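Quick setup: one chain, the form predicted alone, written in structure tokens, and binding and motion questions come after.
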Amino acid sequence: MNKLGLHANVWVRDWGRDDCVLAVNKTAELGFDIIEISAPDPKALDIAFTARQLDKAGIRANLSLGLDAESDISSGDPARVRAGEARLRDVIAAAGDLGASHVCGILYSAFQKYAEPPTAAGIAGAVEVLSRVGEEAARHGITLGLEVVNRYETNVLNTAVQGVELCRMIGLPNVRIHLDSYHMNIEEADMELAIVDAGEHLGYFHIGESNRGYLGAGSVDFPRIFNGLARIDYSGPIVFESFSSTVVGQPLCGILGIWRNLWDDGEDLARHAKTFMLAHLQAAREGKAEPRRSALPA
């Protein structure tokens, strides 16, 4: 059975102690299993305090981030590559202390719009770093999820097939693909087939609508998304992600283009998302089982 999660930006912009208490408790109250915490600077998180709150609430946390231009391990610049590797190791250490199962996001390049395609040398450098960092993550029992995002947020991984290729180059069982329905809706010709193509390499999944708001209020074809997950018997985390300018501020609003208040009631949004995800998961599972039920008696 999939663990269902919620991104902390549904509740809070930052991660001070008050933010932590609010977000963790609200997530647990709604029956989610996981809260995903954005960790662009893991050293700024109060890990011990967060771990205590998670333990009291009975849920787990995963960490996510995107590297920046100064820590871009695909850049080919030795100083930036070293900075990126150090940052990834810091996040893995923090995740280990939290008891997290996953660190995910744009772990292979900067989280930005590029003006040029990646170079073979840059990709090779990212593979070297992620191979070393992946081994470190494995020692903590952590899976790295390489998030496949749209062309405006990276020039490296825009499709599931590219994600499979990079995972194969790294060659570690705990370095896997992280897909996101928001990004897939932009880049994939067939979202269900993309999930099938990812197959055993898929390790983390974000559910998000095309407008980043309420599920079902945009253009994402969620039945095909959940059918794809059912077809490959995906059993990993499924995490709802949504952003509104009501909560998030700069620099995230600017990076993601969150200019509108898509919602102002995070609790209603999250409750709807959980119901929506459970219903679609059940429908996809029932649909997969239906051919067996339709067989004529022998």
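No experiment lies behind these values; they were computed from the predicted model shown. So that there is no doubt, residue numbering starts at 1 and follows the sequence shown.
Although not depicted, the form predicted in complex with a further copy of the same chain is the subject of the following passage.
Between 70 to 78, 199 to 207, 111 to 119, 97 to 105, the stretch whose residues reach within 4.5 angstroms of a further copy of the same chain in the predicted bound form through a non-hydrogen atom is 111 to 119.
In the predicted bound form, a further copy of the same chain sits within 4.5 Å of a heavy atom of Gly216. Among heavy atoms of Asp18, none comes within 4.5 Å of a further copy of the same chain in the predicted bound form.
Residue contact with a further copy of the same chain in the predicted bound form: Met1 places no heavy atom within 4.5 Å of it. Though the partner is left out of this view, Leu22 does not reach within 4.5 Å of a further copy of the same chain in the predicted bound form, counting heavy atoms only. Checking Arg82, Arg89, Arg151, Arg132 for any heavy atom within 4.5 Å of a further copy of the same chain in the predicted bound form turns up a single hit: Arg151. A heavy atom within 4.5 Å of a further copy of the same chain in the predicted bound form is found for one listed residue only; from Ala44, Leu30, Ile232, Ile255, this is Ile255. Residues of 148 to 162 lying near a further copy of the same chain in the predicted bound form, listed in sequence order, are Asn150, Arg151, Tyr152, Glu153, Thr154, Asn155, Val156, Leu157, Asn158, Thr159, Val161, Gln162, the criterion being any heavy atom within 4.5 Å.
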